[in-house]
Structure formats: structure tokens, C-alpha cells
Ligand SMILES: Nc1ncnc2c1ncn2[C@@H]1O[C@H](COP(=O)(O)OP(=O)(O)OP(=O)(O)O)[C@@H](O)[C@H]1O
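Presented below, as C-alpha cells, is a lone chain in the form predicted on its own.
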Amino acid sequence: MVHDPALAIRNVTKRFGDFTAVDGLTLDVQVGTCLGLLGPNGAGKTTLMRMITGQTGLNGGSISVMNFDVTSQSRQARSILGVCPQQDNMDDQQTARENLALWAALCRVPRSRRKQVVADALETAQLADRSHERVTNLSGGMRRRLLLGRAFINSPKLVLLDEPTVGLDPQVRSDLWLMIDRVRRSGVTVVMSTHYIEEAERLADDIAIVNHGRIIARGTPQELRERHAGLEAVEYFGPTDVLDEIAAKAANAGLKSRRAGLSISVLGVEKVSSELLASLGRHSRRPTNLEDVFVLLTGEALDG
């Protein structure tokens, strides 16, 4: 049986004066999947998130959440949306429990259910033992967990995560990945923007790469690698003139390459003779990754 998408974006455009932030973008996200949005700064990801939540109006096109139009049926759409913003917007002087209780009221959770949903959110955030702690006293990782827990306070069908682990150390980021993965496996649809390659590869079923307000590539991480970068790469290190020479030779052989500091990676070499690769110099072999794809398509490295 074919289900309607959880999120349907149709030819959406958003302009700020002469600048077009989102340019005729069309995107479906299927129920129960996690979509990773990748794109350089200014690509239109956050503007798109704000349009989905109804915070920013559309200049053209339409967006629906579970068949509720975000413009004409905004209340119904918001009632089944959960949001974890990039910027922490909690009240520092309230406790973790008070912040969640206020959010439950704002989301119109029935009074009879608020105590239970707050307890569930604290459990999801692994902060049940810190529920009476003021938010100002919580660590950065705890605050992000609380924001994530808050995103599920209204039992949403679709959750938007805007850079959910930005600025956190690897251990805290890993803890949050476990939270997000548990939610994804429970059947909630997730749309997540991120600058972390490992985050996208580990959590996302599907990837959309956005640049200049348009989707320029779409597919699973494996599909994107195979389609744009091949499966294997070799990496060479050296001074600029040597790397320039390797880039030229790779191009003459019909191979793609990308630079990163004092190294260059030649991509899609799984079917290339070892003699050719050796003729370019000493190298190390590695699998390709989403960052290779991202740099090839956008010309920019991810900030994460």
C-alpha cells in the first residue's frame, strides 16, 4: 500500500527582497523515515524549516504535514509537529520540569495528560533525576537533551531537528544520536539538518543536498556515493605543486578529485589499475564518504 508522505513540499519559493532563499523546491518525506538535509551555510535549510513550522511565509508553492496545509491549516499542522531548534530558547530560571510543563500547555496537551507527557519527556532526555534543577545549572549536553525531549512533548508525527548536536563534544553527540535513533525506530518521521557527516550517515535513511535554495542531489548515503564519488578513493599528500600535478593527471584519466589542505583525494578508483595510481605517487586507500559527494557537488566543505 502506498501512503501519503508525512511531509510534502511542492515548488516552494521564499524571497527576501532580491535574494531567493528557497527556489522552487519540491520534496517528499515518507512516513517513518529520517531525512538528512545537508547544505552549506546560506543554502536555505533553516528558511525551509521555518516555512514548515509556519514561522516564515511562502512566496509560492505549498507545504503540507500529514496532509494538513501549513498555511490554511496551520493549527492542525503544528499540533502534530515537534521542533528542536538550533538555538536554545528555554527559560534559564525555570526548572527542567517547569520548562516542559509550559511547553505542554503551549502545545495544548490536555491538562489530564500533561503530568505524564512531562515525565515521559524527562525520561526520554534522561533527566528524570534533574527535573527540579534550574536549566541555567544544566550542562550544554543536558540542555540539548532537554530540547530534544521537549520536541516530543505533544506526541508528534513529524519532528524537525535543526542542527541538533551543533557545538557538542563527541561523547555528548553520541548520546544524542542514541536518543534520535530510538525515536526514529519508534515510527516518528524525522527531518534533520546537520553539518556532521557521521551524523547523517548513521541516522538518515535518505539524504537531500541543498544548495542555493534547490535540491541538487537526493538518495541514500550509499546511492549518493556510488552515483557521484564511486566507492573507493586514494589520498595523496604533498606540496601544492605536486597536488596540482596529481589533479591534472587524474582529470586526464577521467577521474574526479577533491582537495583538502595539503592532500588530494582521487575518487572512484575501484576499477582503476594500481599502476596508474602508483604513478601518481605514494597513497593510502579509503572508502569514499558523503563529504566527498558534498564537496564535489557544492564546492564547499562541511563546517562540522
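For every residue, the number given is its place in the sequence shown, counted from 1. Model, not experiment: these values are computed from the prediction.
Not on display, but discussed next: the form predicted together with the named molecule.
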With the distance limit set at 4.5 angstroms and only heavy atoms considered, check whether A43, T46 and Q86 all reach the named molecule in the predicted bound form.
yes
Choose from 249-257, 266-274, 236-244, 35-43 the stretch whose residues reach within 4.5 Å of the named molecule in the predicted bound form, heavy atoms counted.
35-43
Taking the named molecule as it sits in the predicted bound form, is E98 in contact with it (heavy atom to heavy atom, 4.5 Å or less)?
no
Answer with yes or no whether V295 is in contact with the named molecule in the predicted bound form, where contact means some heavy atom within 4.5 Å.
no
Indicate whether the named molecule has at least one heavy atom within 4.5 Å of a heavy atom of K157 in the predicted bound form.
no
Does any part of E232 reach within 4.5 Å of the named molecule in the predicted bound form? Heavy atoms only, please.
no
Would you kindly say which of R184, R114, R78, H195 lies with a heavy atom within 4.5 Å of the named molecule in the predicted bound form?
H195
Which one of D120, D206, E201, E163 is close to the named molecule in the predicted bound form, taking close to mean a heavy atom within 4.5 Å?
E163
Give, in sequence order, every residue of 4-21 that has a heavy atom within 4.5 Å of the named molecule in the predicted bound form, or say none if there are no such residues.
F16, F19, A21
